[in-house]
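Below sits a lone chain in structure tokens, taken as the form predicted alone.
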Amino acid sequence: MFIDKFKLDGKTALITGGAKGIGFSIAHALGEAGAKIVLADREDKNGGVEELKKANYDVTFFEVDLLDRSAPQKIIDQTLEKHDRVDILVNNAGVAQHGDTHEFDDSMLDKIMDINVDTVFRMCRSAIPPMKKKGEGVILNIGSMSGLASNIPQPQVAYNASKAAVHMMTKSLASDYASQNIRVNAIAPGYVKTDITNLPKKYEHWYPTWNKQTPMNRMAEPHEIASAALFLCSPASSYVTGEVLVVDGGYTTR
């Protein structure tokens, strides 16, 4: 009975930034649960799509630049054309950039806010109408513990602010659409072993601080975030909406 609540047979899941890192692991988890997977990303240089297909998942890949304001609606339209439904939307695409605020120029600020906040809003805006028409839907936004705590030692005010915005967007959407059976939640990961945390040599001295500040004394593996995503995207979490699930090895407890 309880295992069945994690199954996603017959569902279609659209994942932005899904060709690598956390998004790829989430795609793997949802595909294993039976969902048809639609990935939207700028490129697939790591061969993630083929790897998912080799696992016998139903996978479609759309190469797209989400900074194009028309891209979110196009992706939703293409998904509907392909599968006639969008049951699950995972807003995973995002960027991280550090820098002292007094030296942080507008182009850097715009890039972070455009992809981390504006694109998430546009994806939700485009996905909600077909979910309303169907009478149900699930949206999962990938936030960050940086939206809850000013993690050190890297200075990253803009990134922290963008993820805090994602958390509040999640709560607001959940409140607005709960009565229409659309659930909206977020995951706030801590440090995860992905390309984003693969630091150049001049910043490798940050790693000991990251681990020291994390009670579990390590970074997460992407699959550890994907397991939480499967819960929030599946019927197992049918009475959960408006939540920001922190998966950070205990970082925000300190």
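This one's a predicted model, so the numbers in the text were calculated from it and none came from an experiment. Numbers follow the displayed sequence, beginning with 1.
From this point on, the text means the form predicted together with a small molecule, which you will not see here.
Segment assignment from 200 to 208, 27 to 35, 61 to 69, 48 to 56: heavy atom within 4.5 Å of the small molecule in the predicted bound form: Careful reading of the contacts points to 61 to 69.
Candidate spot E136, S227 and F231, all three touching the small molecule in the predicted bound form (heavy atom, 4.5 Å): No, the candidate spot makes no contact with the small molecule.
4.5 Å heavy atom contact, R183 to the small molecule in the predicted bound form: Because no heavy atom of R183 falls inside 4.5 Å of the small molecule in the predicted bound form, the answer is no.
Under a 4.5 Å heavy atom criterion, is N92 part of the interface with the small molecule in the predicted bound form? Residue-level check for N92: yes, a contact with the small molecule.
Can you check whether I142 is within 4.5 Å of the small molecule in the predicted bound form, heavy atom basis? Within the cut-off, so yes.
According to a 4.5 angstroms non-hydrogen atom cut-off, is I196 in contact with the small molecule in the predicted bound form? Flag for I196 set to yes.
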